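Read the single chain below, which is given as structure tokens and is the form predicted on its own.
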Amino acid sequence: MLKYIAQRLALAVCIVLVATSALYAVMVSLPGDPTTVLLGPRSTPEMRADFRAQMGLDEPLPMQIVNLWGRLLSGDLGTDYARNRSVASAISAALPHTVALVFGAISWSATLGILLGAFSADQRGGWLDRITGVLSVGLLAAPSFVVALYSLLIFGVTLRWFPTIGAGETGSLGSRIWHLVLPSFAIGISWVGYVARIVRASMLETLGESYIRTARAFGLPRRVVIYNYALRVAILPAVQVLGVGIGGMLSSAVFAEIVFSRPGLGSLIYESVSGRNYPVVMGAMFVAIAFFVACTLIADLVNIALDPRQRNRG
């Protein structure tokens, strides 16, 4: 297990290194001069040249990437030149909102998806199974930005059941949760169908295992066999998929935070990209990549902890 964990940690570090370096190379290759955007159109060539040197953009690309990693490894995420603050402070203010949004969405969507998948497998071929199948395909086909816009218009503007903008009052947990309902619904609704399909397929496969037949032969009640024995194994693929799904929800969070005017990492990245604020973009993307890789690593370790067969292979 220790060897496996060490290998996964080494792989995670390599993924973060390669992904961040590739992203930086693509970003600096985009058209547009960040110094002109940050300093304004009336800045002189000398001012722009000095500012480029201050940002480290006057050096060759390989050296820029080396300097970037030197700063990141030392804990320096850079300076937000547009607002004269550290990138770390900007990210620390935005990250909790995005983490709450992502985990709120994944919590309710995973719970509902697992229950629908289990009920569908239990009633295979019945009306509930057919309804679940139709809903799963329909939910999978719903883009998060379309769901965000329509949920805002229907439940926020027309019915006025939920607030439409902001993240709630500071210090009020109830207000924070109430403002989280619509955005988490928008980015989590498609994962309900995805998780339901995965759990259903895994459940049907698990119900054919020999230990399930043995449990039935001993006369255990049907619900005990399905929900106490089969479901514990059937949810393992869903756990791994949800770890990867963090990345999809992070990208969907960008649309949700823009539509609902929420502060967060997605809004910060969008504003920084629009303003060519490279230090903030790289700092925020580095944190997002590290967060995504950490979630996939945790999902793998949880999968091994829950499944003795994988633990033995590990």
Partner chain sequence: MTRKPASLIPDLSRRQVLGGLAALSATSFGPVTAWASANGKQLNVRLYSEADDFDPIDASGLIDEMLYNCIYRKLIQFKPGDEWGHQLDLAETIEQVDPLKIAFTIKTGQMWSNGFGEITAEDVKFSMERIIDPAMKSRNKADLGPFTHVEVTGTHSGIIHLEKPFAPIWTIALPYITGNVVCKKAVEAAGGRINTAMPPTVSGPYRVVEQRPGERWVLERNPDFGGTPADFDRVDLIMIVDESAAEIAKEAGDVNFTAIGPGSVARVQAKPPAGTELRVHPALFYVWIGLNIEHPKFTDPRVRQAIQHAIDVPSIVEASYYNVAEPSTGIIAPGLIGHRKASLIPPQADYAKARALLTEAGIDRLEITLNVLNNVIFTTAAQVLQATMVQAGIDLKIEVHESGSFWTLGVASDGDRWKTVELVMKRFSMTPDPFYATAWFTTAEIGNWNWERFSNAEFDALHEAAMIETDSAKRDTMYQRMQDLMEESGGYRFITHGVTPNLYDTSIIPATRPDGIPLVQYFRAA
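In this text the structure is predicted, and so the values were computed from the model without any measurement. Residue numbers count along the first chain shown, from 1.
Although it is not shown, the form predicted together with its partner chain is what the next lines describe.
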| query | finding |
| --- | --- |
| Answer range among 110 to 118, 133 to 141, 151 to 159, 221 to 229 for contact with its partner chain, defined in the predicted complex as heavy atoms within 4.5 Å | 151 to 159 |
| Selected contact from Leu242, Ile198, Ala167, Val192, since only one has a non-hydrogen atom within 4.5 angstroms of its partner chain in the predicted complex | Ala167 |
| Distance check, Pro62 to its partner chain in the predicted complex, heavy atom within 4.5 Å | no |
| Thr79, heavy atom within 4.5 angstroms of its partner chain in the predicted complex | no |
| Contact label in the predicted complex: Asp33 to its partner chain, heavy atom within 4.5 Å | yes |
| 4.5 Å heavy atom contact, Ser74 and its partner chain in the predicted complex | no |
| Contact set, 67 to 90 vs its partner chain in the predicted complex - heavy atom within 4.5 angstroms | Ala82, Arg83, Asn84, Arg85 |
